[in-house]
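Only one chain is given next, in structure tokens, and it is the form predicted on its own.
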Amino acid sequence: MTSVADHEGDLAQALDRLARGTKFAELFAESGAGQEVRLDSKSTTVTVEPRLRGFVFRAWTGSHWTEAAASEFAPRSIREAAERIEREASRTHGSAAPPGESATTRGSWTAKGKRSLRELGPEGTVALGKELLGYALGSPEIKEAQVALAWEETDRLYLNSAGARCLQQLERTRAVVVPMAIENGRAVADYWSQGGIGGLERAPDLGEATVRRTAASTRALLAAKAPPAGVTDVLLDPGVSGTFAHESFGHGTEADQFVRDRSYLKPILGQVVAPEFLTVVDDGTVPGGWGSGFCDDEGNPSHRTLLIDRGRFVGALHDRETAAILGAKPTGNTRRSNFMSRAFVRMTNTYVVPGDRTVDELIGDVKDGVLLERWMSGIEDPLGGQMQIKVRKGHRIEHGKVTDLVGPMALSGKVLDFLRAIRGVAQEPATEMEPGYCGKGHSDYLPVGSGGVHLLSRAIVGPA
């Protein structure tokens, strides 16, 4: 893959030219490639991600931002994009300074895999996938299975007229195994997934033991009972508590929602919203985290941002503009899904920080409740403060003991009610960031991580 750094000279020259005619100018350029192998008992699909290459100039004209992009690095394309910016700036007579602080970060960072799927090639990746598929299909009562192995590489270059230069070369790897069991026309499935920035070392549990254990968990779901319905105690496993962190203090803390008055959280910033043993953070510096990076797409260093600090809602996620409007500092959360998309305030890795109780203590506190395991999806309403989380399975908890396995269910309710009802957070080590993708609305999907520890609260649950 050709690096964007190979074209930096031409891009920087055009940026210097723009800087002479505007109040501020910046460049975001990227080059990326990837591959995904998907297998089941009937088919093998190798999808080669297109080599995404391009750049976007953004400049402050004195009254507003203007952008121009191109999907190649040819000198003519670079020149024409810069000329479009210059024409727009010439029609503007504003003299205001650009909003917020301009980043001055400088650095080059590389995070590549020690065991790269790319180096295996399509044939080697397919061979690995077939081996994993064989372990699943060789397990009793497993009638079908899906395996997915994927990698992507991206080079991202940021330059601005204030002197910032950030070059990031990242590789992400993800592995998913989904065994399925079918009985009397009813299909059930559990899953396993790991991934992060790096190679196969970010899926350290990938192998026969994990696949067979997941297959056994799937098989057990054939006998699962119906989940409870109504308000009950809920113990979230680490993956589900990470989803809760993402949904409860995700888009609602992206400060562009504050500026637009579209977040129910804005009026309560600074208030106590949960017990003092709860802390939630967004952290783009997690080593190997699926949503991590070294700087954001406005050139600000990645950052660990406290959202809830010992029960108090203390922080939001900012770009330069929201920080200027709300009297804050940029938090390293400006992200473009690609050079053709807008720069938005976005999450990175959002998780619940470990507390001070054991998992056994939390279970012992429950007389009648349910343990929620294996998150499937989550959704939130940043304006109304509602959330819903769906899981593949769970267990009843009765008189302080984990008992019957139950099938898929959904947790729902008001985020603030759920926060106030939290009774404990486990002291176990925080899990690796589970890989996922998040959109801003219905588009602009980009990688985000979530994680946490077991968390006990109270909410509405029911079959899903």
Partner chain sequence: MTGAAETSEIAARVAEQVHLDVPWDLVGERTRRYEIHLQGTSVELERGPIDVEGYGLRLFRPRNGGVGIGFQASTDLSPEGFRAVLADAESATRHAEFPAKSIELPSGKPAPGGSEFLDRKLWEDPAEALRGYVHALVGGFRGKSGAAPTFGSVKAVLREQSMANSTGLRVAFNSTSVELELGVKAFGGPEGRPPGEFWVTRSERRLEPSRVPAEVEDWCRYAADVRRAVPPPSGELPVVLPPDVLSGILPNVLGFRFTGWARLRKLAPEGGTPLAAERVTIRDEGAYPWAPGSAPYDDEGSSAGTRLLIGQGKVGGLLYDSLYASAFSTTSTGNALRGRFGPMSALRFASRPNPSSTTLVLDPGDAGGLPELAEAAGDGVLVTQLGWAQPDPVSASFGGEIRIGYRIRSGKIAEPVRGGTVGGVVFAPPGTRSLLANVEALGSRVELSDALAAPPVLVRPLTVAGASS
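Just so we're on the same page, rigid core means the largest C-alpha set that superposes within 1.5 Å between forms. Everything numeric in this text was worked out from a predicted model, so none of it was measured. Residue numbers count along the first chain shown, from 1.
The same protein also exists as the form predicted together with its partner chain; that form is not shown, yet it is the one meant from here on.
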Exercise. Could you tell me which one of A224, A324, A189, A111 places a heavy atom within 4.5 Å of its partner chain in the predicted complex?
Key: A189
Quiz item: Out of Q168, S193, S217, S341, which one falls within 4.5 Å of its partner chain in the predicted complex, going by heavy atoms?
Solution: S341
Quiz item: Does each of L362, E398 and D404 have at least one heavy atom within 4.5 Å of its partner chain in the predicted complex?
Solution: no
Practice problem: Verify the contact flag for R91: yes if a non-hydrogen atom of it lies within 4.5 Å of a non-hydrogen atom of its partner chain in the predicted complex, no if not. | Solution: yes
Practice problem: Verify the contact flag for A69: yes if a non-hydrogen atom of it lies within 4.5 Å of a non-hydrogen atom of its partner chain in the predicted complex, no if not. | Solution: yes
Quiz item: At the 4.5 Å heavy atom threshold, is R392 in contact with its partner chain in the predicted complex?
Solution: yes
Quiz item: Might A410 be said to contact its partner chain in the predicted complex, defining contact as any heavy atom within 4.5 Å?
Solution: yes
Quiz item: Of these, 132-140, 309-317, 269-277, 177-185, which stretch puts a heavy atom within 4.5 angstroms of its partner chain in the predicted complex?
Solution: 177-185
Quiz item: Taking heavy atoms and a 4.5 Å limit, what residues of 35-68 are near its partner chain in the predicted complex?
Solution: D40, K42, S43, T44, T45, V46, T47, V48, E49, P50, R51, L52, R53, V56, H64, W65, T66, E67, A68
Practice problem: Could you tell me whether the Cα atom of S412 shifts by at least 2 Å between the shown form and the other one after core superposition? | Solution: no
Quiz item: By the 2 angstroms cut-off, has the C-alpha of R423 moved between the shown form and the other one once the rigid core is superposed?
Solution: no
Quiz item: 2 Å or more on the CA of A74 between the shown form and the other one, with the rigid core superposed, yes or no?
Solution: yes
